[in-house]
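Read the single chain below, which is given as structure tokens and is the form predicted alone.
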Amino acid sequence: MPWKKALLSCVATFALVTGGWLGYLYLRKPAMAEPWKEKFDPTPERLARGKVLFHHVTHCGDCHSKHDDTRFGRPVWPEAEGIGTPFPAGEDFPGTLTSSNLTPDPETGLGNWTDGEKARAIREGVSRDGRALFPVMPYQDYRWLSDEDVRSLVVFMNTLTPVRNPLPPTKINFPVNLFIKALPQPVGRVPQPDPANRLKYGEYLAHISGCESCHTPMVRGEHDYTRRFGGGREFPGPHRSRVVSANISSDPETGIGRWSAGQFVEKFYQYRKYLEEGSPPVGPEGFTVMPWLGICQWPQEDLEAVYSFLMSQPGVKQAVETHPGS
């Protein structure tokens, strides 16, 4: 019958188009620029700046190290700094994820990577072999890193003690493994921000330290930027618990709009005692993914710059319970 032939023709056309589309997604490469060819000069200034970035600002060690999850702030085990670790099974990831070994071990770490390849992976999300990194690696935040800061970060990473640590590979499920290829984009040149410009420098720090990405809620896997800094993003905690990011917008009722700059700084500095005394044990009701132990070591002027930037942004009226059910 004519209708059967038409139906078969439609099915065949659909299969051909779908197959071609999937083939294109499978074969395509993420957008990428050639990595810088230079070897980054390990000046004392870069080493010092890179150490601060790694530990306290970009929080590289938080994901690429092993932690003591039984204590507040999840302090890093010193002997496991930067060695990489599998993400816990059962989290809401489309597959199995492993944070890479960042140490210069040539077999299991980054020992054979060039400085330019490391910088490209950090800011653009492209691995040495041209593979798109899964965006739990916050390269979309690190796109803001200046050329000088990313050089400093790599210079410090090069000084980590090489540790041989074989890890299971990251395996992202179909079709997400194809879709994430669209995320990396070349960055180009990024100038160093002027710390004297408090709003611009505060915005810079809010991006590269993850303030925006963690304190902006997610809807169907995408940030809802109409509620920027409004909190409400959920993170998995121990024993199937959940923690939720706070509202840090300028809203005076549900955010931090009534806080002074001094109160904002003191909120972080109260945790400095844990650096000397050690973090206390904590259960699911007090578990946090907020990097208090890193940010509490920022200079006062940097925290004040972030505060000034947050207060310059629209407030988001959204009440948030940071530890639901506890």
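So that there is no doubt, residue numbering starts at 1 and follows the sequence shown. None of the values given here were measured: they were computed from a predicted structure.
Just so you know, the form predicted in complex with a small molecule exists too; it's not on screen, but the next bit is about it.
- Residue-level contacts in the predicted complex: of 76, 183, 187, 137, one residue has a heavy atom within 4.5 Å of the small molecule, and it is 137.
- Only one of 127, 114, 250, 158 lies close to the small molecule in the predicted complex, with a heavy atom inside 4.5 Å, and it is 127.
- Highlighted residues 143, 204 and 311: none comes within 4.5 Å of the small molecule in the predicted complex, counting any heavy atom.
- The stretch among 188 to 196, 76 to 84, 206 to 214, 219 to 227 whose residues place heavy atoms within 4.5 Å of the small molecule in the predicted complex is 206 to 214.
- In the predicted complex, the small molecule sits within 4.5 Å of a heavy atom belonging to residue 131.
- The small molecule is not shown here, but in the predicted complex it comes within 4.5 Å of a heavy atom of residue 288.
- In the predicted complex, the small molecule stays beyond 4.5 Å of every heavy atom belonging to residue 177.
- Interface membership of residue 267, defined by any non-hydrogen atom within 4.5 Å of the small molecule in the predicted complex, is confirmed.
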